[in-house]
Structures are given as C-alpha cells and as structure tokens.
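Below you will find one chain, with nothing else, as structure tokens; this is the form predicted alone, and questions on how it binds or moves follow later.
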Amino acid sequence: METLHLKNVSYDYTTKAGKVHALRDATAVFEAGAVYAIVGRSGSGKSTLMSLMAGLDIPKDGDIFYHGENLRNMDRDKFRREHIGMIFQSYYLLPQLTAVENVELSLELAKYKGNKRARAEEMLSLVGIKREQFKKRSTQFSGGEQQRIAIARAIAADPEIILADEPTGNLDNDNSMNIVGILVDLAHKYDKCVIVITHAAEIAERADVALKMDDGVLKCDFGKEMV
C-alpha cells in the first residue's frame, strides 16, 4: 500500500553564491513493508528530501502525499508526532537520562496513552538492549548500543514511517550490520516504511529499493526497480 508519494517535487533556496536547486522534479512512491536506500554525494539533495518527507518544510513545486492526503493540507507537527520516527547518525540521546528514560521521553512527546515504561522496555528489548541495562545512563553505552536505543526511541510510538539519516555513519562494520538487520526487520516483520539516507554499501545492497540522488535528481540505482 502506498504510504508516501512524492509527485514532481522541487525545492530551491538562495545563498550568497546564488540559487541552489536542491531537488528537481522528484517523483517516487514509498510503501510499507520495504526498505529504501537513498544514496548520493554530500550536497546532492538527500537531506533536503528527508526534511520534506518529514514535513519540516513544504516543496516549492510539486506535492507530497501521505496515504493520498497532501502534506500541505495537514497539521505537519501532528503528522511527525504520529507517523514519523527519526534516526540520526549522532544518536542525540539525552546524556542525563537512562536508556529507558530516553525512550519514555519520546512517548511523552508523542502523547502516547498507554503504559510508557512498559512500552519503552518492550522497545529496548526488541532492539537487543538487555533488561539489566535499562537504567544505565546513555553515556555508559557503546556507539552501537546508543544507536539501538535511538532506534527504540524512534519506533516507540509505533510510527508507520522510519526516516534514518546515516544511521551507521559512526559505527564499525559489525555494529553497522546489526543496525542494518534491525532496520530490515522493522520493514519486513513489522510492516514499516523504512527510508534510509546512507553512504553505506551494506544498506544499499540489502534495501528492497535503492535510489540515487545526483544534483537534486532522484533516480533508481543498483539495478533495483522503484515501486
């Protein structure tokens, strides 16, 4: 089922050097149950694309639809809160909080109505954090473990769409493969729409659909068909 649909999306902004065409007529469909890798050099438009898909801004031209509803007509703060989970390269965990408190905080912000502590513990277990580690401060964890906690935080409120910006960028190969496995499971086992900006070949190779950003142009890559 179609989750996000980008239709002829363009975006530009002005710098001292002149106008930058960050996106040029991008069209793509993203569905639940699949992993999408978006690759491209720095400055190719990947981060702009993710910002638009998260509803942080709106296209200058074209439209983005969530289950057929135009993001222009939606409460985009509510859209992000209820439907988007974000994962970043630098984790952004609060160092003064424990692992479980970091996840609980995301549930507070999402206005989750269930048992927040139980849900946070469930998500930490899902990503491989042991119960005896739940009350350790985030700074006491390795980089790979911190990224697992960040993933637990992103998925705790059960968003349909997971947007990940270089989620393995700070990790060694073993930890990177573990994180890739979690992202694939989120799509294939839990029917999430997982969209990853990455330079990592292992993510692009394991993605169901690989797309390439090149000077603001979005296109298929690696011989995999776009939905």
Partner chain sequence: MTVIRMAFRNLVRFPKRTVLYGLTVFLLVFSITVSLFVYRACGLAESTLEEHYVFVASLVKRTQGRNIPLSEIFKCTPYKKLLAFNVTVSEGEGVFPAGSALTELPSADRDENPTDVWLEGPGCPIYGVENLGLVYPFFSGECHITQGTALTEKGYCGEADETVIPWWMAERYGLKVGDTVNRRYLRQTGEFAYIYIPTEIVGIYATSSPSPNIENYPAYIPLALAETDYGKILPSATDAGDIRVERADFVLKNREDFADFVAFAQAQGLDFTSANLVFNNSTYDVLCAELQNIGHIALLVFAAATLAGVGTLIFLTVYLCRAREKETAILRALGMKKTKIYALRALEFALLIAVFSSVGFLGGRFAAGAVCDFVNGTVLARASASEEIQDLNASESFVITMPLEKDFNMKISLSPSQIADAAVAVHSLPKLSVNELGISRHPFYLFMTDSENLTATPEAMKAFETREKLRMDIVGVTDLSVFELTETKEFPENFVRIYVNETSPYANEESLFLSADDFGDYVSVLLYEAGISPDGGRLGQVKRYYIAGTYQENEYCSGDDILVSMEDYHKIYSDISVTDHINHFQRIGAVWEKE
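So that the term is clear: the rigid core is the largest set of C-alpha atoms that superpose within 1.5 Å between two forms. Numbering follows the first chain given and starts at 1. Because the structure is predicted, anything quoted here is derived from the model rather than measured.
Another form, the form predicted in complex with the partner chain, is not on view; read the next lines as being about it.
Visitor: Looking at the partner chain in the predicted bound form, is some heavy atom of each of 86, 92 and 105 within 4.5 Å of it?
Guide: Yes, each of 86, 92 and 105 comes within 4.5 Å of the partner chain in the predicted bound form.
Visitor: Using a 4.5 angstroms cut-off on non-hydrogen atoms, would residue 126 count as touching the partner chain in the predicted bound form?
Guide: No.
Visitor: Can you tell me whether residue 96 touches the partner chain? I mean in the predicted bound form, with a 4.5 angstroms heavy atom cut-off.
Guide: Yes, residue 96 sits close enough to the partner chain in the predicted bound form that at least one of its heavy atoms falls within 4.5 Å.
Visitor: Flag residue 72 as yes or no: does it have a non-hydrogen atom within 4.5 angstroms of any non-hydrogen atom of the partner chain in the predicted bound form?
Guide: Heavy-atom contact with the partner chain at 4.5 Å: absent for residue 72.
Visitor: At the 4.5 Å heavy atom threshold, is residue 101 in contact with the partner chain in the predicted bound form?
Guide: Yes, contact at 4.5 Å.
Visitor: Consider the chain as shown here, without its partner, and state which of 56, 29, 32, 184 has a heavy atom within 4.5 Å of the partner chain in the predicted bound form.
Guide: Contact residue from the list: 56.
Visitor: Look at residue 114 and decide if its Cα position differs by 2 Å or more between this form and the one not shown after superposing on the rigid core.
Guide: Shift of 2 Å or more: no.
Visitor: Would the C-alpha of residue 97 be classed as shifted by 2 Å or more between this form and the one not shown after rigid-core alignment?
Guide: Passes the 2 Å threshold, so yes.
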